[in-house]
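First, one chain by itself: the form predicted on its own, in structure tokens.
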């Protein structure tokens, strides 16, 4: 089992690679140093991806490459295409709003999400063996650009091919709606229960993330209100010039100090609570993609099985009448049987992998959600104490004023 070693800030660890053989194999990845490249509509953010490892299949103990968001998309698409049945880690969304996509906060959120993405892949016992991962972590920019431009997957098909695919899907949907064809669905109570859980989980996570966003917004608004209040009270204190003025000035200073603490806590809440919730919304959506792949594999298996039965009936008829086309029919029948066996093997592999992935997902979710809610509670406690201490320190002076 390969392990990853990461720094407290989320990047890769600094343990020296290529150390004595007693050291376990490891793969450490950091996504760092985002930088804006180009101008106008052609502008984009590049990232430095640092890999440290002692694995023999990698080119040396340390490699630094420059990657952009589309490179991460390429890696995810390749893994999704090749590893059917495995829950591929999600990517952060691509912002299309010009004023946000180059803001410091958005860039840092994306950097953190991309770092999480590649390290989840490196931690996965199957995905960490991927040749595409090694290409992503080691290839120069020209090689990476050539790899991206290769025609792979449904998203690289010609428009005419896509229209053919969509027309086929639309036809099948129409047949099901009109009752001409019943949908081919897998009957598995445990799996049905998991699918129901995933769809409900997505709704609940999205709702929790929405309210986490409102908490972040509330902290920021309160921080801004305290800053504005602090300035106003300090100006009021300057007008008084006596003990009352001094108290007002101190009250304004405390308000401005708490404003800074609230803004910092809002950022902490965003990065360590709202973003993890949003990340799991994306993870569930990725799992739904794997569920769709499993449904497609099951449908293909059933359709081939039905086709084989019909072909066998036709073949038996030909044998009875000793048709001249019997040899060709037997050849087609054998080819269909091979295709059917491959479809069955493909579906069974997806089922096996998904069973393992479900356990892994639940364990990882428990850890990640536990960490996120711990950070939330810790941050709120820290903020509450800071607010209480700040106001409490002013009470003696304000009490003396009210008594006098």
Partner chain sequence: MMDFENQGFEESQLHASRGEMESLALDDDDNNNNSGNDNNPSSRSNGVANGDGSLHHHPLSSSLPFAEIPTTDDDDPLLSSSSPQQNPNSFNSLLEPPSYADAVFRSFDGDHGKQINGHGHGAVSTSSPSPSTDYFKISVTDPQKEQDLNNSLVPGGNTFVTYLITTWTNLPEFNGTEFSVRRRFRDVVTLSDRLSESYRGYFIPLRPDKSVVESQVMQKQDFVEQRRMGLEKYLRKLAAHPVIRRSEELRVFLQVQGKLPLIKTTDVASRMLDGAVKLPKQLFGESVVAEAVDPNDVSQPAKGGRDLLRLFKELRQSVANDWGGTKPPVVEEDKEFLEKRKKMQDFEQELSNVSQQAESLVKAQQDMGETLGQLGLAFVKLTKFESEEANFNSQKVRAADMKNVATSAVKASRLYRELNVQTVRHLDKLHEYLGVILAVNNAYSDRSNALLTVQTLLSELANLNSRIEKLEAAASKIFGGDRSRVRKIEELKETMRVTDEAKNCAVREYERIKENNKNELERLDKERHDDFFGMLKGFVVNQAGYAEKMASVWETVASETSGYAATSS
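What you are looking at is a predicted structure, and each value in this text was computed from that prediction instead of being measured. Positions refer to the first chain, counted from 1.
Omitted from view is the form predicted together with the partner chain, to which the following refers.
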Inset, instruction - Could you spot which one of 352, 374, 48, 337 gets a heavy atom to within 4.5 Å of the partner chain in the model of the complex? - result: 374
Inset, instruction - Report the residue, out of 229, 106, 72, 83, that has at least one non-hydrogen atom within 4.5 angstroms of the partner chain in the model of the complex. - result: 229
Legend entry - Candidate spot 197, 366 and 398, all three touching the partner chain in the model of the complex (heavy atom, 4.5 Å): yes
Inset, instruction - Considering only heavy atoms, tell me if residue 306 and the partner chain come within 4.5 Å of each other in the model of the complex. - result: no
Inset, instruction - Answer yes if any heavy atom of residue 370 is within 4.5 Å of a heavy atom of the partner chain in the model of the complex; otherwise answer no. - result: yes
Inset, instruction - Tell me, yes or no, whether residue 225 is in contact with the partner chain in the model of the complex, where a contact means a heavy atom of each within 4.5 Å. - result: yes
Legend entry - Distance check, residue 277 to the partner chain in the model of the complex, heavy atom within 4.5 Å: yes
Inset, instruction - Select, from the options 142-150, 74-82, 321-329, 201-209, the stretch whose residues sit within 4.5 angstroms of the partner chain in the model of the complex by heavy atom distance. - result: 201-209
Inset, instruction - Check each residue of 233-247 against the partner chain in the model of the complex and list those with a heavy atom within 4.5 Å, in sequence order. - result: 233, 235, 236, 239, 240, 243, 244, 247
